[in-house]
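One chain is shown next in structure tokens, namely the form predicted alone.
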Amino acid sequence: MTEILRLEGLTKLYKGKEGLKRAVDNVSFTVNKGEIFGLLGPNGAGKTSTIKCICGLLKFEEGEIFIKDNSIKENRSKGLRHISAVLEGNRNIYWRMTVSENLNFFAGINGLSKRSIANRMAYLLEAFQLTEERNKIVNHLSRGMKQKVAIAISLITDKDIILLDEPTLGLDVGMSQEMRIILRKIAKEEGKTILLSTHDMKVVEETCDRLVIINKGKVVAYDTMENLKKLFNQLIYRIVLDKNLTPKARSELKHYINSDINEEEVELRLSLQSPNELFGILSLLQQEALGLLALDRLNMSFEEIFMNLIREAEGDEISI
């Protein structure tokens, strides 16, 4: 993997009523070429400040950011020429211009002529299903269409890194699904690196290769999506019985039970080390004349994993 973006001990301070506050506190991670990388965290976690530092919109007090080995502190303009951003609210669109005029304008301010981008514009309009809308005023388009125009604008200059802040915010289910397909297409066919910041866990789960989660300015998780799922998706089984547990069954199962039993003691969640332990458990239930009504393997959604990581970082009890 070729590293394309690197943060080393990034720290951003703000003045508050009680003195200096660390909005971003010693954050470090790397992003590789051609991957979709998630930057996640609850509101107030420091995501926006991190994004603005990467985009060169905020100065930072400590640490360093490298874009294609160019230091943002020492050579800001050279580093930023490799990155394009779509911030929340489609702020990279002129709404009184048509779709084509927007694409030509933003290409122009990056030193590209209409002729040089003609083929790329046609490709992007087709890829984003905007060909029929190319001569429409952007303000007359739906929110989903505006979002697609914003991302197309970020791609027209053919930069290496696309930073997307909440790309599916306010979109309906169908448009959100279409946006996920578009993101995968950009990474796979365009070979672009996407740095994605969002609260939409469905988008993260279906598109991101790796991710970093920050809370209160600090990194609380930094791994592949696959590894984070493995970490929390232990062998959890839900068992529903036809009657209450017997004292013997309750005693022998207490080491497996990982949550409170309801009043009727007929629905259990058991945490196992191996699926083979089920044989002994089922044998015990049969000996105690406890009928089995249901047996399910439980898997956590990524949203549940995310919330557990945040709770763990804040010292709260983790639930599975």
Partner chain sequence: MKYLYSFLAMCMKEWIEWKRYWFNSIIGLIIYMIVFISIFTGAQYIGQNNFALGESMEGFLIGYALWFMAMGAMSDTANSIVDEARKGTLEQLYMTEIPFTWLLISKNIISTLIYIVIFFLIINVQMLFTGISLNIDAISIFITLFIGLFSLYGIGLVLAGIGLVFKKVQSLLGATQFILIGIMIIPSVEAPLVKLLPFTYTRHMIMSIMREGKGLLGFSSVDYFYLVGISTLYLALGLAAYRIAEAQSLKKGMLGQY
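Values in this document were obtained by computation on a predicted structure and should not be read as measured data. Positions refer to the first chain, counted from 1.
Keep in mind the form predicted in complex with the partner chain is missing from the figure; the text below concerns it.
- Of the stretches 217 to 225, 204 to 212, 120 to 128, 105 to 113, only 105 to 113 has residues with a heavy atom within 4.5 Å of the partner chain in the predicted complex.
- Within 4.5 Å of the partner chain in the predicted complex, a heavy atom is found for all three of Tyr14, Arg96 and Ile137.
- Proximity of Ala45 to the partner chain in the predicted complex: non-hydrogen atoms within 4.5 Å are absent; the residue sits far from the partner.
- The shortest heavy atom separation between Glu267 and the partner chain in the predicted complex exceeds 4.5 Å.
- Although the partner is absent here, Leu58 sits close enough that one of its heavy atoms falls within 4.5 Å of the partner chain in the predicted complex.
- In the predicted complex, the partner chain sits within 4.5 Å of a heavy atom of Leu87.
- Scanning Arg180, Lys192, Lys146, Arg81 against the partner chain in the predicted complex with a 4.5 Å heavy atom cut-off leaves one residue, Arg81.
- Arg76 is the sole member of Arg76, Arg238, Lys188, Arg250 with a non-hydrogen atom lying within 4.5 angstroms of the partner chain in the predicted complex.
- Scanning 150 to 164 for heavy atoms within 4.5 Å of the partner chain in the predicted complex gives just one residue, Lys159.
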